[in-house]
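Take a look at this one chain, the form predicted on its own, written out in structure tokens.
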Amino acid sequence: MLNRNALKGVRVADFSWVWAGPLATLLLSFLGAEIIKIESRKRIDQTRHGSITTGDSFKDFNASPIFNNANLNKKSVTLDLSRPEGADLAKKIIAASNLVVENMRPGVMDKLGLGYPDLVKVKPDIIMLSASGFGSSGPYREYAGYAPIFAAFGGLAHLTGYEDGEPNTMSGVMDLRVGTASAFVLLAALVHHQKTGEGQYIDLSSSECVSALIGSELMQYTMNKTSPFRRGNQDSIMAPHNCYRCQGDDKWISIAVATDEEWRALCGVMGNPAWSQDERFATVYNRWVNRCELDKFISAWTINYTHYQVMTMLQNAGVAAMPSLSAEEILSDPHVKARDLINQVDHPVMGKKVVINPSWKLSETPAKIRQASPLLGEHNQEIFGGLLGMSREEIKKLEDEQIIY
């Protein structure tokens, strides 16, 4: 195995905050990119406080596990971007970078003098990604872009939930999907730059990222004029296809049967009960039509076993089955351990913290966690003094003036 990084030599000026933007740069950092997080004590990243859902829960800006999880491997500098001197220093960092990432509302970076037209003057081939709720054009451009909002507008919330329940508002998971999409398009832009030498501006709409995940449902309406609806864990073709209660407190197993062969295997594991020979369950279509009754019979069987017992019995018979695991169960699962998904970093304030390794395995350019998240402004001297060549006296003066702040 060669000990190389896929993105070694790529530097990112990271103005993003909360989750969507930071996840994108986190993924790039796993691949070896150098991420310089540009933040400020005047505008603290929400996740340094806590989270939008749990409220402020950390007294120290450097004691947030939430921030740590989203900002591993990164460096932190502090600049008051509302001051011209702060924006000018940010431009100097950008001039030495390959990518710029931000997820503020449209127009904010332009007001700071850091919009794309400003940046190409200092770095003509810069690649800039701006992620917002609805993109920088159109009548909704200035609308707030919190995850439940673009999950709803993008259509996924309408499809997620039980048939007799309300749409699922979704939450941070939507930010993470936007972060993944952002990382992907940034990699595509880097490939384009490698081939042509050209930079570009990427205007990313979070709601459109969500819509891209439900293409088949949008096509169903386009072609057939029927709008798909929520159906919980049910499938449009397969049955049984659901989560079934098992022994224990809130323990469940997911089972999916696609063919007659798999159905016969499931029946065999259950001991071929008399009800399984009923005409209502004789074909794929019949099982789907009578899926509610079928689910009752299967639940009466699964409740007698633990979710791992059901998984083992069914998987050994060639039936797709997997427990619905709690966070505690994920961390202790033998397959997760064998895949080395769980890691531990030593944070200077919080001590040893459990984090999640990259889930992909690259043989020649392994993705990895190198260090914990940065303290606020931890790398001011390294970046301003080292990368930009400023003297300690210059840095101290700007700190006293609260420009480096």
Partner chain sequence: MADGPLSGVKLVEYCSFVAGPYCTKLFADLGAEVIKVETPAGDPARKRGAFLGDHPDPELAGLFLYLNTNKLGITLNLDSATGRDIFKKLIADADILVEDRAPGEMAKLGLGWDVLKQINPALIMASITPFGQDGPYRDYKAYYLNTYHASGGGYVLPAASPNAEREPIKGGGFVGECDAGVSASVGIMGALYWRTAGGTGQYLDISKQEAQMALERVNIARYYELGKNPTRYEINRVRDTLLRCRDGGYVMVVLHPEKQWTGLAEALGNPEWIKEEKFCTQKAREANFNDLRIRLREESLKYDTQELFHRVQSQGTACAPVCSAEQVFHSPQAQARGFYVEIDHPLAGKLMYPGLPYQLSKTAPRDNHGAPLLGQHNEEIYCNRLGYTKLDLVKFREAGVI
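Numbering follows the first chain given and starts at 1. Owing to the predicted nature of the structure, the values given are computational and were not obtained by experimental measurement.
From this point on, the text means the form predicted together with its partner chain, which you will not see here.
Listed stretches are 266-274, 87-95, 167-175, 74-82; the contact stretch with its partner chain in the predicted complex is 167-175, by a heavy atom cutoff of 4.5 Å.
This chain appears without its partner; in the predicted complex, the one residue of 330, 303, 122, 289 with a heavy atom within 4.5 Å of its partner chain is 330. When you look in the predicted complex, the only residue of 293, 118, 278, 203 with a non-hydrogen atom within 4.5 Å of its partner chain is 203. Contact check for residue 260: every heavy atom lies farther than 4.5 Å from its partner chain in the predicted complex. Though the partner is left out of this view, residue 283 does not reach within 4.5 Å of its partner chain in the predicted complex, counting heavy atoms only. With a 4.5 Å cutoff on heavy atoms, residue 339 counts as touching its partner chain in the predicted complex.
Within this chain, residue 19 lines the site of its partner chain in the predicted complex, having a heavy atom no more than 4.5 Å away. Along 114-139, a non-hydrogen atom within 4.5 Å of its partner chain in the predicted complex is carried by 116, 134, 135, 136, 137, 138, 139, in order along the sequence.
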